[in-house]
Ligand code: AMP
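Given next, in structure tokens, is a single chain: the form predicted on its own.
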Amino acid sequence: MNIALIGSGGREHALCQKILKSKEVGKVFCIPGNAGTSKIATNINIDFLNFKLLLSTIKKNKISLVIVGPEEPLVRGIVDFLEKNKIKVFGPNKYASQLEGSKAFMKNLCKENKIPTANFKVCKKKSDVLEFLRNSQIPVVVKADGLAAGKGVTICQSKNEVLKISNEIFLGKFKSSRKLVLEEFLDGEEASYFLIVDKKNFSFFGSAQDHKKVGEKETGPNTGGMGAYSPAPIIKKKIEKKIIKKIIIPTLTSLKKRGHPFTGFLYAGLMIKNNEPYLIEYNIRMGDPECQVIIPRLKNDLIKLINLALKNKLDKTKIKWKKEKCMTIVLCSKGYPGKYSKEKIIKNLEKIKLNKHSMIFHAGTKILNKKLVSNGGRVLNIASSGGNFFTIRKNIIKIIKKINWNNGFFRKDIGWRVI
């Protein structure tokens, strides 16, 4: 069968590699893909948010399954559109995608179903903000309601900062929404818990911890993610039971009751405090860069799993994992997450010899005049697996030094909690 994979990041390069290992796969088309996917699949450079153009491309290339990588097309209703046009697609519908597409929707669902989460208030104007601040301790977390490419969350250390950030969102800093959520700050350890879900079942799909801050020792602004590792040691069996009972089951049951059951990858962003899990956010797709450390550990055929999920038969299989741990470090363009230059040549990648435990996933790259150049803030994900995180990280840093890309930077302390 021919498969289309929507997206262009490191997540999609990792998924593409894994998909190609399936015996059920004919051609794989990446829409639009990146320089890495162009080496192993066929890139089609179209705007995937133009659903009509996407549909004609799918029909033209005899594509029988569409897998959606990023959140924006899901939130905009790509699944509903393709299903209406009789195309098999893996991901949640528009209604269920509000779990990520609207922070207010997610928090209200938590409130309704007594799901443990930070105290919050949905704010539409300044007076709402002032009301929340009257009864709150600093720091306070400000979250843009809609999608903001990983840049919509600010931990504010003063009431003035809360007012300033809130005002920017009310004035339309993020195109997705002029509404915001204020939240109490939860101090604990973050972890990501992944599931593959069908209309009747769900299966654990890996755990990871990532590093959102741009600077070492968790300093500077938030990014889409500077690195990650899997599994997350903090998620012990006892905590996992609580996550499933208090967070996952109530969420999926609530969506079913509303007539919009969830299908796809679901990722719970959690804060673990005093051995209790609290839901910080939901993502309705594989994380990036978490996908790049989970997928290399998966033993199963990914396409078989997705096909079972689309038939609501996930309970008919057992998901198996390799024992090795995995880590990735993101090589970014200098200046990210602020202003950075694109189309900077990356010279040495072809010469680097990798052993079977190491991988380079392309993220923000493209081919320009037959040369590999940068095409985004997060450019390459260097991943490696092994027995312990300290050795894995040393190996990754060695590879990054061999790449020797003068226009890039990376965090040398990924995995510091476990190391």
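For every residue, the number given is its place in the sequence shown, counted from 1. Model, not experiment: these values are computed from the prediction.
The next section is about a form of this same protein that is not shown, the form predicted in complex with adenosine monophosphate.
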statement: Contact with adenosine monophosphate in the predicted bound form, heavy atom within 4.5 Å, among 104, 115, 268, 141 goes to 141
Heavy atom within 4.5 Å of adenosine monophosphate in the predicted bound form - residue from 189, 276, 184, 324: 184
statement: Of the candidate stretches 121 to 129, 328 to 336, 171 to 179, 151 to 159, the one with residues having heavy atoms within 4.5 Å of adenosine monophosphate in the predicted bound form is 151 to 159
- prompt: Can any non-hydrogen atom of residue 272 be found within 4.5 angstroms of adenosine monophosphate in the predicted bound form?
  reply: no
Touches adenosine monophosphate in the predicted bound form: residue 280 (any heavy atom, 4.5 Å): yes
- prompt: Closest heavy atom of residue 246 to adenosine monophosphate in the predicted bound form, within 4.5 Å or not?
  reply: no
task: Would you check, heavy atoms only and a 4.5 Å threshold, whether residue 297 touches adenosine monophosphate in the predicted bound form?
output: no
- prompt: Across 207 to 229, which residues bring a heavy atom to within 4.5 Å of adenosine monophosphate in the predicted bound form?
  reply: 212, 222
